[in-house]
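The chain that follows stands alone, in the form predicted alone, written as structure tokens.
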Amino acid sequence: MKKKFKCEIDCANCAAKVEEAVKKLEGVNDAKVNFLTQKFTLDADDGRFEDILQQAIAVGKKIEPDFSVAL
């Protein structure tokens, strides 16, 4: 399942770090964090999508405390 969300992230470097970390989560097929458009795209296993999404948000907040995703 692939979904796009509005997100808030403060810098392009942070966006790249969050993207890289989310891609390493189990069940994630692909992830994109776009600083310019403030968009977060997550492609993950259908059956566990909500759980993976919450993990991705938690990982993002560890890297960039101001990272947020509008659900």
Partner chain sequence: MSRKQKKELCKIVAALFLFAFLMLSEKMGMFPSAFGNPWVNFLLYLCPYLLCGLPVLRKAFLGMRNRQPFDESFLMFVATVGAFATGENSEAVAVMVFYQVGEWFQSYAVGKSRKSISDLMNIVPDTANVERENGEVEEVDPEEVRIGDVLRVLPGEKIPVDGIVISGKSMIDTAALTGESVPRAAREGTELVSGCINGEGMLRIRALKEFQDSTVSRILELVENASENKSKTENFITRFARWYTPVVVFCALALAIVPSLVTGNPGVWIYRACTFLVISCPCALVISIPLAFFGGIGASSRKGILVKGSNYLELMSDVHMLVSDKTGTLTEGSFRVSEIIPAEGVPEDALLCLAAKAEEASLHPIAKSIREAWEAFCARGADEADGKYCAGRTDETFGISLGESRNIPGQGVVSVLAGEGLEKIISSDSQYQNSERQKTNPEVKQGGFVFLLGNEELLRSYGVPFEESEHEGKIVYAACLAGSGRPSYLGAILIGDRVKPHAMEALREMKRAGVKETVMLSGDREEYAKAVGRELEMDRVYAGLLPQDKVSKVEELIEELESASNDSGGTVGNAYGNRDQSSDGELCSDGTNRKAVGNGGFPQGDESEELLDKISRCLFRAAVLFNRRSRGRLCFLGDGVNDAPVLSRADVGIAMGSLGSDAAIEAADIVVMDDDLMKIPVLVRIARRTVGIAKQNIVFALFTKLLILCLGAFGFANMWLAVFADVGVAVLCILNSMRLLRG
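Positions refer to the first chain, counted from 1. What you see is a predicted model; the values in this text were computed from it and never measured.
Same protein, other form: the form predicted together with the partner chain, not shown, and the subject of what follows.
- For N13, a non-hydrogen atom is located within 4.5 Å of the partner chain in the predicted bound form, even though that partner is not displayed.
- Taking the partner from elsewhere, K4 is found to have a heavy atom lying within 4.5 Å of the partner chain in the predicted bound form.
- The partner chain is not shown here, but in the predicted bound form it comes within 4.5 Å of a heavy atom of K62.
- In the predicted bound form, the partner chain lies farther than 4.5 Å from every heavy atom of N29.
- Interface residues of 1 to 38, taken as those with a heavy atom within 4.5 Å of the partner chain in the predicted bound form (partner not displayed): K4, E8, D10, A12, N13, C14, K17, E20, K32, N34, F35, L36, T37, Q38, in sequence order.
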